[in-house]
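Just so you know, structure 1 and structure 2 below are the same protein chain in two forms, each on its own as structure tokens.
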Structure 1
Amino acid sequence: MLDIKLIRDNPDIIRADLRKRKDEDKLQVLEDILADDAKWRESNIKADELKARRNTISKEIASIKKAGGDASKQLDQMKDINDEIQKLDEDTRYLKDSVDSKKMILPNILHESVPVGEDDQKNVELRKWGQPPEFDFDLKPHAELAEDLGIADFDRAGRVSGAGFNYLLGDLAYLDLAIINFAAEFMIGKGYTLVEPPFMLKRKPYEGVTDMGDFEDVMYKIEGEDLYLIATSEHPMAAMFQGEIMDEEKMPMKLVGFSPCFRKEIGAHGVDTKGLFRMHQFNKIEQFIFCKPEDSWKYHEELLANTEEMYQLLGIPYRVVNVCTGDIGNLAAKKYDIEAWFPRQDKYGEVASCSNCTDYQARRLGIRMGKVGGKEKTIPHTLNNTALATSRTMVAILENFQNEDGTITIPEVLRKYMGGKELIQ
């Protein structure tokens, strides 16, 4: 959410940004906000004046009654004033609600380094690491490979839970845990605090942490409860300090969350639709930082470097792209995607997404920051990046490290988490 003062004082900044985002529809939302905000202030001022009169008369009544006098004239006046106030308050409230809900629709202000473009085709590649491996045999789709090895059962999962779910069996389940342990240990070593958050959130904090658009189509809801299964541990970590004033002495707060992630929308894209690439449920280790505003760009690079280092240690080729204005989403001021090499698709595919949300997410959540007991308050910045999502990391491992005989070589850094095992066979 943007600061209403920025919207009032510098609407041109926002207009220019919306055009860069190709989000022309929201230009009208902005105009509506400006109009309703002006009307709200007018209505609010009128109501305030009447309330001031009401307070004066009320004090008169109190002193007259105390003196044992007759206050019937004042009581009559109060009736009329109260009627008028009630009407004005209704308008004021309506206008305020309108402004508040429309403010949630406007996206964050983009950083100047974000490339302009309408979709992911215009994302700008910043660098590549590693050589895509050459194979002198036909690659198996990762799902087929896993089924042949008896380490995944998609069909039975489909029968009991539906498409988009899976049973990981034996070494693949072990590999999943190994990836989690590797990522957790790596991040803890970097000074991040491991967090296992609630896996469900109430709606209100959920609307604060992200812009879900059509909530019902994206989130799994618990029937009969005000609870939604989380789509990533970013969400409960961001919501953790909802409505609070965070201690600036404790900044930066660096967290690494572990959780399963639940997502309704998985749709089919490209080759090898069956398998682990798009799932309704997967495990993920996620980086999250609360920091002082002046430090957030530094930490944005740190979060990116952490994920890059992990993919380098795993030996999986990847590239980093600067996500363009049309593909960046509402929350981030700037976003890098880390894309791993997927040999079967013969291209790089997203495995991590590194966002600086500046003060946008924190403002939505009502999070402020200051000295304990102090008066000065600012809004902290929030940043997030995937550390490792097990599902896509496993796909990358299965594809990049498969052998002609259908076995899979386990990346060296993961072996100590799998009892020293070197090969899945």
Structure 2
Amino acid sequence: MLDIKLIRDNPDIIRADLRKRKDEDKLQVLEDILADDAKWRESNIKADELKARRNTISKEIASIKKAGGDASKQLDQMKDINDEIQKLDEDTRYLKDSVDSKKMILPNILHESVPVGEDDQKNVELRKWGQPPEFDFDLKPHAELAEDLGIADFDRAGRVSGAGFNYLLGDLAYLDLAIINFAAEFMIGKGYTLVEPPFMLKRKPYEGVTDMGDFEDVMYKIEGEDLYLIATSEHPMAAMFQGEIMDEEKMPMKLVGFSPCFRKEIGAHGVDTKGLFRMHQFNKIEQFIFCKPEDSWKYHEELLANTEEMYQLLGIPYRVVNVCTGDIGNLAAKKYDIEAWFPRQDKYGEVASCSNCTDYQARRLGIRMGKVGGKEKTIPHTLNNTALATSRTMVAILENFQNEDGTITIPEVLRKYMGGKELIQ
């Protein structure tokens, strides 16, 4: 959520940003905010003037009564003023609620380095790492390979739960755990605190952490409860300090969350739709940072470097792209995507998104920061990035490390988490 002072004092910055995003339909939202905010301030001034007048009359009444006089005229005036103040208070509450709800619609202000473009085809490649492997045999789809090896059962999962779910068996379940343990140990070694958060969130914190207008359709709602299954551990980690004042002396606060993730959408159909690439339920290790505003761009690069290092250790080729205005979403001021190489698709595919949300997310959550006992408070910045999502990482391993005899070579850094195994066979 944007600062109301920015909206009041520099609306042209927001207008230019909305045009850059091709989000002109929200220009009217901005104008409505400006109009309601002006009315709100005017109502507050009138209410303050009336309250001052009421205080004066109250003193007059006391003086008249003390002298034994008739204060009925002043009492009538007092009643009229009280009625008017009550009406103005109702108006100001309505206008404030209107402004606050509309502010939730406006997106974050983009960093100047975000490329302009309508969709992900306009994302700008920054660099590549690793050489995509060449194969002198026909690669099997990862789902077919997993079923041939007896390490996954997609059909039975489909019968009991529907499409987008799976049974991981034997070494594939072991590989899933190995990726989790590898990522958690790596991030703890970088100084991040491991968090296993609640797997459900109430609506109010969810409205703080993300744009429910864009996200609610992909979330699972618990029937009859004010609860949603989380789509990523980023969300409960961001909401952990909702409504609190964080100690700036403890910044940065670096967290790494582990959780299953639940999402209704699976995505566009494509090669190998069956399997692990697009699922309703998957495990993920997520990075999250609360920090001082002046440090957030430094930590944005740190989060990106952490994920890059993990994919390098796994030996999976990838590229980094700077996400364009039409693909970035409302919360982030800037976002990088890390895309791993998937040989069966013969292209890079997203495996991590690294966002600097500046003060936008924390402001929505009512999180402030300051010195203990101090009066001055600021809004911390929040940042997030996938460390490793196990599902797509497993697909990348099954494809990039597939052998002609149908076995899969386990990346060396994962073997200690799988009892020293070198092959899935």
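Keep in mind that this is a model prediction, so the values were computed, not measured. For clarity, a rigid core is taken as the largest C-alpha set superposing within 1.5 Å between two forms. Numbering for residues begins at 1 and runs along the sequence of structure 1.
Form assignment for the chain places structure 2 as the one matching the criterion, namely the form predicted alone. Of the two rigid parts that describe the chain's movement between structure 1 and structure 2, one contains Asp89 and the other contains Val116. For the chain modelled as two rigid parts, C-alpha superpositions between structure 1 and structure 2 yield a turn of the smaller part by 18°. The two forms, fitted on their core, place the C-alpha of Ser43 2.4 Å apart, compared between structure 1 and structure 2. At Thr56, the distance the Cα travels between structure 1 and structure 2 is 5.7 Å after the core is superposed. If you overlay the core, the Cα of Lys66 moves by 10.3 Å between structure 1 and structure 2.
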